[in-house]
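One chain follows as structure tokens, the form predicted alone.
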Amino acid sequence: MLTTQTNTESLKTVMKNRDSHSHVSGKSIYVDDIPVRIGTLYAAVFSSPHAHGKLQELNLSEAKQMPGVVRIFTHHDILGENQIGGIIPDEPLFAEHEVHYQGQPIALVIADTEANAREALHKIKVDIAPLPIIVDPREAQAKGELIIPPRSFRLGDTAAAFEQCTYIFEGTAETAGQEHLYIEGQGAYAYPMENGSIRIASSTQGPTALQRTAAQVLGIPMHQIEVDVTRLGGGFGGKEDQATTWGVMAALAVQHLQRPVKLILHRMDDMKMTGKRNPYTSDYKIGLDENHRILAYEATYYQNAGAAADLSPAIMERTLFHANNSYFIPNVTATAYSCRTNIPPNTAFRGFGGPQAMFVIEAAIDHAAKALQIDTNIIQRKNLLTENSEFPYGQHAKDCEAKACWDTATEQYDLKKLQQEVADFNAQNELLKKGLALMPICFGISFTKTSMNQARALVHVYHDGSVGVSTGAVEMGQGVNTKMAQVAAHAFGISIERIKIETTNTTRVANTSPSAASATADLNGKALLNACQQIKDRFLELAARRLKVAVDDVLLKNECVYIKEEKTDFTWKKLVMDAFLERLNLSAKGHYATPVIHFDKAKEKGHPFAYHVYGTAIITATLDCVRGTYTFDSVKVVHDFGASMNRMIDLGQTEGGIVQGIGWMTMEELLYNKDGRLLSNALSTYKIPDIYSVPDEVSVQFLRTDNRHDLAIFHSKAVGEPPLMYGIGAYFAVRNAILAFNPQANVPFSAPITPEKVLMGLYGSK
């Protein structure tokens, strides 16, 4: 393990995730592990059994008489506003006059035990008069059921450009939703404090969002709500906004009862009540010249938002931002509709609308290539972004690594050899076929709402030389605590063992942005670096005075003071103690707001991203043409990490993202019936990749580059979301294997490409 940091290069280490030992030893603390206080009560949620209807009667009398029941809360008990909508106020905490999806909360039972609370749910009687149910976003759009008005991004003139195209192709592409299935379910534990304040321990990616919403619902100022997060057992976006509901409910009960309240959702309730990745159905039109350059591209996206806005408007925006993926297309028109349906409000998921758009452009390119009887990668490579290429939203590509990643991948992994191996295998096997596909990616890093790109950090140096760090970053398995410790250790030139990362707490660090958008390490790391630098400057001035040298000649590294490169006997501990005795401020609050970025929604133009992440994957699959089952032989990736500050963590994030993306594209089938009931409502009916589904080989190479990305912390590019998009290539690898068996197969661009869909394709025809 690295113990000291002396320069940025030394951060490129094999340093392990700081939480690894506590995770595997079972010592890591999650919400459900917090020791309960004496007098703790337990909550269970009663939700709507119908997808849409008028709430005519709610009879709680029998439930109130059940053993252990203390109280049952409904919208009548809310002292503030019965509203939890973040972007748009269209989502009540508890249903009032209508219900809009199965699983919508109607009442909250509080009892002395969880078992008693859940038992009382069965005694609640509700009368709901049915109303029409919509589950199809195209139907919702046709009926004018939209969350927000449609939005369009434009570049050039597509109508004129299509007249110049030699080839034009049109089609439809669909991607289903995806269940987050975090290991730790949704939950919160709240308890009263002095003077009417309430503390909430929550499994949330957005502590401030919970604080703000709880204050709004309870009718009290934000400073009376303290939200504390130690870590999450996974989030993937599903706890960015949707963790708020359960924390607010627990706080509401505490406000009235003045006793601690714990609310932990049962797994099946979690799956039923919470939103997923937004399903999309989309239309595309693509035009190419005789040299296979894409001249024009149009896409229309119908986003299934669910019954309320949640984060769908922002997700829809991100879809438009990534309409062209990693390609430069001079004429683009991309239009998106956020459609209101009667399923749970869908929400953030790793990639945040970007993967849905990328699948459509890849489908359009594949459609064109198959019709022209050329390899898809010919069109892909020819149209990759280059330096200063303009995106449809007005920003230009800077330090563009699209072609560098592609060319490095195809050369290093010997694409021609891989293609020949696939061709030879297919020629020699009748009932087993291989398919190969390439998947380039380009993903913008920043919150697309400019004001969210800010962070703060609080640093205390204790007079024994140890350091306490508080930031707005929420640890959810991505290793951000380790990276924050690296930042502080590097800034002070001390052992990382001296650094303690505190819980994420809205009282210590206020007004936080959620840990999302792959921006957590950049924003909070930069704020932390700012705070450390303030303290460090005080130390350097003190050391310079004591040593009677110029401040510019003083360095802190290896836990000592150096004069230029000469080590002194002035140690870190002595320096800190001297600063304390001189009554210097050993604490600092840092602030960071991403510079440069901006976006004008009136014009749909701007510079919304701090930078872009690039990469290319080569994916090979083997298909059993009798059973319709398949395995992935290999995923070979060259990824643009910038100057990775922790290769072990970044590699783990990349591998995990790849597998999660493959799961979305192949086996994770999220299904609602026409009545709005979730059919894939348990682990017996919803399958995610396990160890047997992981590709036989996952090879990730770090792109060698001289580009320095100043808006990334220590030039280390964000890695949370971009790797998921490599999984899109898995769909096309399987599709290519089907076509190798049956060139006339009818394989719609509809993901996930489950074994059932594969069998239908193998033995069907156009």
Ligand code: HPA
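Everything quoted here is computed from the prediction, not taken from an experiment. Quick note: we count residues from 1 along the sequence shown, nothing fancier.
There is another form of this protein, the form predicted together with hypoxanthine, and it is not shown here; the text below is about that form.
At the 4.5 Å threshold, heavy atoms of Arg318 reach hypoxanthine in the predicted bound form. Although the partner is absent here, Phe632 is not a contact residue: none of its heavy atoms lies within 4.5 angstroms of hypoxanthine in the predicted bound form. Proximity of Ala531 to hypoxanthine in the predicted bound form falls outside the 4.5 Å heavy atom cutoff. Mapping the unseen interface onto this chain, Thr333 falls outside it, with no heavy atom inside 4.5 Å of hypoxanthine in the predicted bound form. The stretch from 619-627, 441-449, 297-305, 242-250 that comes within 4.5 Å of hypoxanthine in the predicted bound form, counting heavy atoms only, is 441-449.
Among the residues Cys405, Ala517, Leu93, Ala364, the one placing a heavy atom within 4.5 Å of hypoxanthine in the predicted bound form is Ala517. For the residues Phe641, Tyr280, Tyr672, Phe352, the 4.5 Å heavy atom test against hypoxanthine in the predicted bound form is passed only by Phe352.
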